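The form predicted alone is given below as one chain in structure tokens.
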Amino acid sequence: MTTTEYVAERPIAAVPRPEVVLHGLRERPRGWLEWLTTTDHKKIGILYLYSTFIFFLIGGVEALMMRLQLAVPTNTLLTPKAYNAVMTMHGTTMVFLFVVPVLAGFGNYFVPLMIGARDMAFPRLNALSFWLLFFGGIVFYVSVFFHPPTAGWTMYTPLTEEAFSPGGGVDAWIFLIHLTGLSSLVGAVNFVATIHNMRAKGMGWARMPLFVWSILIYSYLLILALPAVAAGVTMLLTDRHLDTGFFNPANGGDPLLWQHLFWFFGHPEVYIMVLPAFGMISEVIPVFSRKPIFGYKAIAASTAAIAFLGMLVWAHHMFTTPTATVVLAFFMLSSFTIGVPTGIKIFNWLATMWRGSLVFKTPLYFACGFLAQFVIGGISGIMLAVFPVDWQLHDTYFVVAHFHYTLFGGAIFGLFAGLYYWFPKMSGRLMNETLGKISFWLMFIGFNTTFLVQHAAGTSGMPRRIYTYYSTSGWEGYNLVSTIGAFILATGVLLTVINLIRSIKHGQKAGNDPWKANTLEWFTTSPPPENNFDVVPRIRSAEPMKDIRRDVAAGGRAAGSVAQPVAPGT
């Protein structure tokens, strides 16, 4: 029995197509106008992905400029002011214009498909969230032409006061935070409403895909954390232009207030960036291990536990500030505690692969690379959570290495695993496996060459955010190796970009379920139709595609296989 026959034998009411409009038929926009006016979650997801990957490449070029400046001692490629501007633009771009919104792009495309919905709960709000992000990025980069910000991506005061940062660069950064924050906030509300109310019949909380769980928790974190940074940047704006005294000591303000507000948002932001990547890994590993995920409920619960604990540890970024020892001890122990649910995830992923029938495709390569590098980032994070150790290593390149092992080695490798995994569903074609694996190895080798030695540079005393150093410092070897690694890493990223562009038109046709996957998005066509599903299957487990394939193999007569029909031809 084919899947089409399986569907045809179970006719129940179909989901109406979205082409039906009141008061007659309207002609649809075509070409670029269709993309500008779309409210289809899949097109909006693709707009997110294209826009954020462009910002990713821009941020990558900025990183290479910094590495070139630091490759040799007393280099004059960049002036001190230019270096600070490039460093600020790089950090802001990667955090606010790539990692967070690219996750929204994957979520927009796949959450409705994975839960059996036709679209997001609020399609117009969904489109608004993208355009707020896009214009926020444009406004920020326009500042390059009049006065780029130079205070660092965390914008610590008093470096952001008008006396230190005149002109519009910091104001453009504040505008960016407001626009991208509003984008993320309305997007998060949309995700929560969609996931809570639009799941397919039978998809209870214990049957929801783990990626959807991660997007739900990501959304709750955004709703809880964004007001703090929104309040902080508004206060900063009034300090700069209305002579208020929130942060300026000259007016009775407290610079530490900015740090508390920023990091109360900033540390949950780390998990906002990482948790959806965890969800992607939780989808990729069981598919290519040919086993169910080990400890589904434990992984879902650990996602919520990480989010909860992540809201409690913001001040471990402030160990060097004048704080009582008992408070330091509380934040140190709270930071240690996050290692427990994170360890649950790592051991469950390893248990899933243990004695599995591993299929070594590119998504699994990136998933394994993620595991190795995130563990290194987690171990160095535990070291920095010991506040006497942090006193020695704070603001050194050890922190730079830890941060990148967590976010690039973690979130970005997870994103690339998701990109190679879901590209066939979005395009109908497979990416080239040879190019994909070469890209992985270049990225893996280049990443570790770039950032592993930075731990040693940090413990040797190299501070971060310096634009040059003397040959007598002993750091030139570390920096030269790091720069070489950065270009190897960039070559690996470029290969994936080439692979993606080439595969859109010339890749091998994928079919609807090339990986023999587990979740519902693989039941519809590749790429999916505008309405996703003409009809939706009834969910009987956390792996609905396995249930359907089992029924098809058994001739559709398995016990309890009655289902709502699904899109014909799939």
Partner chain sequence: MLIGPSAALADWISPESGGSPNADKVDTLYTIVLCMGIVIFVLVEGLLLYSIFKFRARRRGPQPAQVHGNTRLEVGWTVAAAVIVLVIAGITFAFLGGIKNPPSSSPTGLQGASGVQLATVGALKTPSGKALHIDVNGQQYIWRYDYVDQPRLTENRPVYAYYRMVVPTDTTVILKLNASDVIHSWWIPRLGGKADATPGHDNYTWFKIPGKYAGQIFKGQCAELCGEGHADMRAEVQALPPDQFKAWFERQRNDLLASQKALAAQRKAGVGQ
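Residue numbers count along the first chain shown, from 1. Only a predicted model underlies this, so the values are computations on that prediction, with no experimental measurement involved.
Beyond what is shown, the protein has a form predicted together with its partner chain; the following relates to that form.
A single residue from the set Gly252, Gly204, Pro388, Gly477 has any heavy atom within 4.5 angstroms of its partner chain in the predicted bound form; that residue is Pro388. Listed residues Thr406, Asn499, Ser482, Asn84 were compared with its partner chain in the predicted bound form; Asn84 is the one with a heavy atom within 4.5 Å. Between 116 to 124, 355 to 363, 95 to 103, 216 to 224, the stretch whose residues reach within 4.5 angstroms of its partner chain in the predicted bound form through a non-hydrogen atom is 355 to 363. Taking non-hydrogen atoms only, Leu435 never approaches its partner chain to within 4.5 angstroms in the predicted bound form. Taking the partner from the other structure, its partner chain in the predicted bound form has no heavy atom within 4.5 Å of any heavy atom of Asn75.
For the chain shown alone, Glu543 is a contact residue for its partner chain in the predicted bound form, at least one non-hydrogen atom being within 4.5 angstroms. Mapping the unseen interface onto this chain, Met383 counts among the residues with a heavy atom inside 4.5 Å of its partner chain in the predicted bound form. If you take 93 to 117 and check each residue for a heavy atom within 4.5 Å of its partner chain in the predicted bound form, you get nothing at all.
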